[in-house]
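Shown next as structure tokens: one chain only, the form predicted on its own.
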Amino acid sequence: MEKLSEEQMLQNRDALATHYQEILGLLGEDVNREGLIKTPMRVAKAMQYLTKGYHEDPAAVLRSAMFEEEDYKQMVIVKDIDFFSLCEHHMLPFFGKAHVAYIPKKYITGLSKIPRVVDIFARRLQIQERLTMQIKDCIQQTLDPLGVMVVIEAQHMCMQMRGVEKQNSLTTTSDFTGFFQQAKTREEFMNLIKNNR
């Protein structure tokens, strides 16, 4: 999705606020009571922030700090990256930590760019499985490393607040390419992200 102009963003925000006011009414609330008067606009702004990843380009973020590095051929790991996302099935939050590793072939990227890529994909309506794959694919396609591995651990409000109501459940997903297809390399990564916990 392309970046929105300020005017389009404000028009969309007004439209969202109108719909949220309708929703509050349909839920049985008095939309004119003091505590709810500004709620539709607040929720509209919040939703635009929580889904701003649709209008950002994660590959461009990686390319903005991409450097040639011929000699380093070991893992680069950024672990314990906090993220927050919205489940596309119930639009309830899921959140946790992402752990990302890649083994450079020719290019490295600024370390802060990896968490930014995680955030861009997380700031969309998501499922954890797709989020894991999208982060991996973006890094693989942009940096063309010898391998990428992504592990995500998350709590899902759709399982904790409703449905099965399992408050202590944790969902783990992983995906990998290249050298990480070797069990020994994956095991090294998993041991490194578990250290100092």
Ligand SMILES: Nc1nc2c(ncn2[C@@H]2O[C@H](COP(=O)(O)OP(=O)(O)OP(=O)(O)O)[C@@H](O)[C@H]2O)c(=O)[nH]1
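Just so you know, these numbers come straight off a predicted model, no measurement behind them. When you see a residue number, it is the position in the sequence shown, counting from 1.
The discussion below concerns the form predicted together with the named molecule, not included here.
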{"query": "Partner-facing stretch of 138 to 146, 33 to 41, 151 to 159, 65 to 73, counted where any non-hydrogen atom is within 4.5 angstroms of the named molecule in the predicted complex", "finding": "151 to 159"}
{"query": "Distance check, residue 128 to the named molecule in the predicted complex, heavy atom within 4.5 Å", "finding": "yes"}
{"query": "Exercise: residue 105 in contact with the named molecule in the predicted complex, heavy atom 4.5 Å", "finding": "no"}
{"query": "Contact label in the predicted complex: residue 77 to the named molecule, heavy atom within 4.5 Å", "finding": "no"}
{"query": "Residue 97 within 4.5 Å of the named molecule in the predicted complex, heavy atoms", "finding": "no"}
{"query": "Within 85 to 103, the residues that have a heavy atom no more than 4.5 Å from the named molecule in the predicted complex", "finding": "87, 89, 90"}
